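Okay, here we've got a single chain as structure tokens, the form predicted on its own, with questions on binding and movement later.
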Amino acid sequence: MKPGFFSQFNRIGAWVLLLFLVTPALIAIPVSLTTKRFLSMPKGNYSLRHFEKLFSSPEWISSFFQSATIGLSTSLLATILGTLCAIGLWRVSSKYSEVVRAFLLLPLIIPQIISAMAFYRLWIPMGLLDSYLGLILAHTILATPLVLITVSASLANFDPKLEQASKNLGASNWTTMRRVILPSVRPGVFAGALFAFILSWDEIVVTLFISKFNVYTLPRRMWNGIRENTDPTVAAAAVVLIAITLIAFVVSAIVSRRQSEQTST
């Protein structure tokens, strides 16, 4: 067989796999256009009434802003902590650093239901249950390993000679990190910040455990909409979430490409 056949076969297989993974999420689009008052596929008639309800309801708008506030705060804290951890472990570069790295990645390995129970028991005596700070700290702990991974991947391609040259020219450690290391790993930092935001934006398990009445994020309101009355507004909210996620990934790809081009030049 010709080599081109295998290339074409791999391309078709990749598209089939992509459609298999994406199709379940895309079902929310036609469901959000139904004219019914319950979750159903539209049959000939389409309506935007559920999007109108989504953007006119004070409860849904409040949940959007709460999720955005928590997500942005989580992204900021996780990016700072994850970047500092990645740079610190990269500089140490010993057998103990790998042990510390494995320990820091535990939030990704431990099932979220276990993490949720742990946060619940820990936040009660600290007075952080059902508070913005408690949810931001919990999401930051879950998201920091993602930043650690992306920044560490960028540091793997960083030339240590650049850091040594900066120090030989008299730059301090802070100046070297700010002007040499961080610009070189900026794509990894930006990707980690994006992943941290998306994790917080979509997170539901921990949120259900440690939030009650004061904090009502968008995923929790969607959960209640499905569990209580199967409101099609949930599908409209899902479409908005998908759109925001896609826009974030497109912006991330564009920014990362431009930063890579600037770094190469």
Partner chain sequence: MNAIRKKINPGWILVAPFLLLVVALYLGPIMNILWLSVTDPEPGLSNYQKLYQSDTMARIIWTTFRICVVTTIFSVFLGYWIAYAMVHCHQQQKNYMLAFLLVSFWISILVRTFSWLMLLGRKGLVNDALGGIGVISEPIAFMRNELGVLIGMVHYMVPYAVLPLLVNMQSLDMRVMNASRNLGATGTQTFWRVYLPLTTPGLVSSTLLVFILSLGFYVTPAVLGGGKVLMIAEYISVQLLVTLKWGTAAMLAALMLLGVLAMLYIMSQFMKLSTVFGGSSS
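Values in this document were obtained by computation on a predicted structure and should not be read as measured data. Positions refer to the first chain, counted from 1.
Heads up, the form predicted together with the partner chain isn't pictured, but that's what we're talking about next.
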(request) Verify the flagged residues Leu84, Gly88 and Phe209 against the partner chain in the model of the complex: is each one within 4.5 Å by a non-hydrogen atom? (result) yes
(request) May I ask you to choose, among Gly170, Pro111, Pro160, Pro183, the residue with a heavy atom within 4.5 Å of the partner chain in the model of the complex? (result) Pro111
(request) Find out whether any non-hydrogen atom of Tyr120 is located within 4.5 angstroms of the partner chain in the model of the complex, and reply yes or no. (result) yes
(message) Is Val100 near the partner chain? Define near as a heavy atom within 4.5 Å, in the model of the complex.
(response) yes
(message) Considering non-hydrogen atoms and a 4.5 Å limit, does the partner chain approach Ser115 in the model of the complex?
(response) yes
(request) Tell me, yes or no, whether Ile254 is in contact with the partner chain in the model of the complex, where a contact means a heavy atom of each within 4.5 Å. (result) no
(message) Can you list, in sequence order, the residues from 190 to 205 that come within 4.5 Å of the partner chain in the model of the complex, counting heavy atoms only?
(response) Leu194, Phe195, Ile198, Asp202, Ile204, Val205
